[in-house]
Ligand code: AMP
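First comes one chain, alone, set out as structure tokens in the form predicted alone.
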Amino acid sequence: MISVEQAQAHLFNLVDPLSSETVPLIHAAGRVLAKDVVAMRDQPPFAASSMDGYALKSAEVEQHAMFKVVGEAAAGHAYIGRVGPGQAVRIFTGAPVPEDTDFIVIQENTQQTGDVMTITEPPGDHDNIRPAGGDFSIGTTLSAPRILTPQDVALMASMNVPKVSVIRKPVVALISTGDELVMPGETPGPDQIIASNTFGLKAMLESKGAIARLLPIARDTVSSLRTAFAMAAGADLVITIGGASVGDHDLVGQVAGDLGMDRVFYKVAMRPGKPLMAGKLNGSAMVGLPGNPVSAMVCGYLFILPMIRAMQGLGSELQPLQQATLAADLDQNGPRQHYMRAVIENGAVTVFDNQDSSLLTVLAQANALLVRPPNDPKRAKGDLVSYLKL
């Protein structure tokens, strides 16, 4: 068996950043930016009013001063002409500030009668003008790689960028294996259960920007597994769930080997998730996950999502461990690294009593995995421990 850290290093070596593609900006949110985006214009491209009011010369601004209103400026409609002494232009938010003016008196501090405006309240010191380039200027860069947020999309739209270069979405083929499985909605036989792992993993992967192809269940026969692997051809990553152990009906490793898989490891010193297998199969990375539902999902968080990030060009950084205090005593850990389902609340971590790897109800209630190193000694209530946030 190898350690979790060794397994993660091997898995990173199985994948490379994917190629890029160009998509319309409207479809860019959540994608990974492949190339820097550089502004080719200033924003705003002109000095603009930040308030509704009157544009005039700052040297003439004082309470009780009176001005002749000689025109109007609105967003998209600049005032064309000069503004002389004792003159003002009615202006609205977003409008270009007229030449010869450098101060906006807000309308709440004024009164207009006919074409005469009077400053009725102290105008203050703020000029209420957004300078040209005050938001960004030519050369401002949105750097890659980054997962594009709605804020990023708004910024690029303001930069007048209609299309953007992003990393191609990783394609992942998900294969559940086992005679005991049927799909949700089907009627299971007396010895069968519902397939859940592929659905949880598909949701996990697609929430992080991958395309997950859920293939038909592979039965415990060589021919069925060969067919499943053939259907997975072309995927960047092939994931099998179940069938990777050493039982008489666990045929995944055998069939994958017959098809040319170059295996890099089998078995990881961890709980849950010990029977983990990985390698290269016909140019695609392949990972064989355990069949127990919690084991598969925990391995998804620990191993598969970091691989997806690496394929997206986001590097090999792992999710950092966080720390909290124990809410109750814990017995000594065994020889394998243990990822225990837990709840973090008010800075304290409470570990569920039953850590059986078949219990999805416990995983559904958890918001963290308490990480216990191999042979970790007994821990007392109040001890500082490490955890991964789910």
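From a predicted model like this one, the values you see are computed outputs, not experimental measurements. In case it trips you up, residue 1 is the first one in the sequence shown, and so on.
Quick note: we don't show the form predicted in complex with this ligand, though the next part is all about it.
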Self-check item: Partner proximity in the model of the complex: D100 to this ligand, non-hydrogen atom cutoff 4.5 Å
Solution: no
Self-check item: Touches this ligand in the model of the complex: G253 (any heavy atom, 4.5 Å)
Solution: no
Quiz item: How about C299: is it within 4.5 Å of this ligand in the model of the complex, going by heavy atoms?
Solution: no
Exercise. Using a 4.5 Å heavy atom cut-off, state whether D127 contacts this ligand in the model of the complex.
Key: no
Quiz item: Counting only non-hydrogen atoms, which stretch in 104-112, 170-178, 261-269, 300-308 is within 4.5 Å of this ligand in the model of the complex?
Solution: 170-178
Quiz item: Would you say all of V37, I147 and S165 touch this ligand in the model of the complex, counting a heavy atom within 4.5 Å as a touch?
Solution: no
Quiz item: Considering this ligand in the model of the complex, which of G133, P293, G209, G71 comes within 4.5 Å of it through any heavy atom?
Solution: P293
Quiz prompt | Option touching this ligand, based on a heavy atom within 4.5 Å in the model of the complex, out of A218, M286, I91, I241 | solution = I241
